[in-house]
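Shown here is one chain on its own, the form predicted on its own, set out as structure tokens.
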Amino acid sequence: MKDLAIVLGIRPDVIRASKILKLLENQNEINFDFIWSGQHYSENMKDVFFNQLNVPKPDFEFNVDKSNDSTIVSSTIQNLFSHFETYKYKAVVFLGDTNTVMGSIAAAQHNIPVVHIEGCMRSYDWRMPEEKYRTVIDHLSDRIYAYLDDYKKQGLKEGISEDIIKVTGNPIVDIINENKQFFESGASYLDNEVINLSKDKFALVTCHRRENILNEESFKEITSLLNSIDDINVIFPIGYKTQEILKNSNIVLNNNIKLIDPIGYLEFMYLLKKADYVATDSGTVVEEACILNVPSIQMRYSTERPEVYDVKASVKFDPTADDNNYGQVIDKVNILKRGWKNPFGDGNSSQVIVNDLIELSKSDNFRKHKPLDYSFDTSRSFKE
């Protein structure tokens, strides 16, 4: 029996977990298998960023049916269930809120303790599949690593036992702090036109959330906001699904908006670090921008990361509203004063998590009692 299985499925989660994987590989107190669910193609891991970090490659890689969310989830559960019949673990570790974390059901079916990194984050927006997934895994988990005290409080209000929640800080701080020197090399992967645009003032944009791009009115609101950025250039690495929706709409973007195909981590971080501000619906990008002291517009009805508003690193743009003042939003982000304190941790989160995993493994104490006492406070999710 091995001590742990670490199950990941998308490249952003591998980036966030990269130091955890390295620390686990470089110690000899517990052993583990790294399992790749297949939610993203494994070729996505062959980015130079992973080579530079020397992240260990998976011990097991699965294929999943990517037809839709249900087939990804069902084949992930099936693959992991079969794997756990052959390979025994003291606990199985998942990270985040993607389709892959629903594989925790397979661990629960085998009565294997579940560990969740990034637990108790809540947007209280039930339209988001991520909100459903993180709620499910948190209530299946026997150990939860919550990044912040406020996240822990949210879990406690749902009846999750205080005994199983440990506050760790956010591992993305560790990754950014230790790898800033690599970000400049991202320029070598960008074409000359984008490099030239990045030498002047520019805004960076990402938009992928289905509640934004699949809702016609929300998508129109977002593109109207982007078209209101008329004083600087805009660089928009646009996902293929968003490209398809834009192409099939009657929406025309202004000439100062440069659309490019999706780019790798290093290229993106190079642009993010240089941007005047970023407009995004990505929770991770909002965190990264906040840590790098780059102002942001959070294009979300609700958020699981209200800390960016607390430190005045971000302004809210609600795509579901029908009375948006686009110019006012741009004005607000332009007057944000850089220099805020990073609210996500001290850069030691990965070590805290690994140390706790080692202690839990030694004591065989992954499983803990979880009383149920539900009460909810949704106010912080909609904070501005």
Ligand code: UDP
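Counting begins at 1, following the sequence as shown. Everything numeric in this text was worked out from a predicted model, so none of it was measured.
The discussion below concerns the form predicted together with this ligand, not included here.
For the three marked residues, 12, 15 and 208, a heavy atom of each sits within 4.5 Å of this ligand in the predicted bound form. Residue heavy atoms within 4.5 Å of this ligand in the predicted bound form occur in exactly one stretch of 219-227, 247-255, 99-107, 264-272, and that stretch is 264-272.
At a distance threshold of 4.5 angstroms between non-hydrogen atoms, residue 283 is in contact with this ligand in the predicted bound form. Residue contact check for residue 237: one or more of its heavy atoms lie within 4.5 Å of this ligand in the predicted bound form. Proximity of residue 174 to this ligand in the predicted bound form falls outside the 4.5 Å heavy atom cutoff.
Residue contact check for residue 142: none of its heavy atoms lie within 4.5 Å of this ligand in the predicted bound form.
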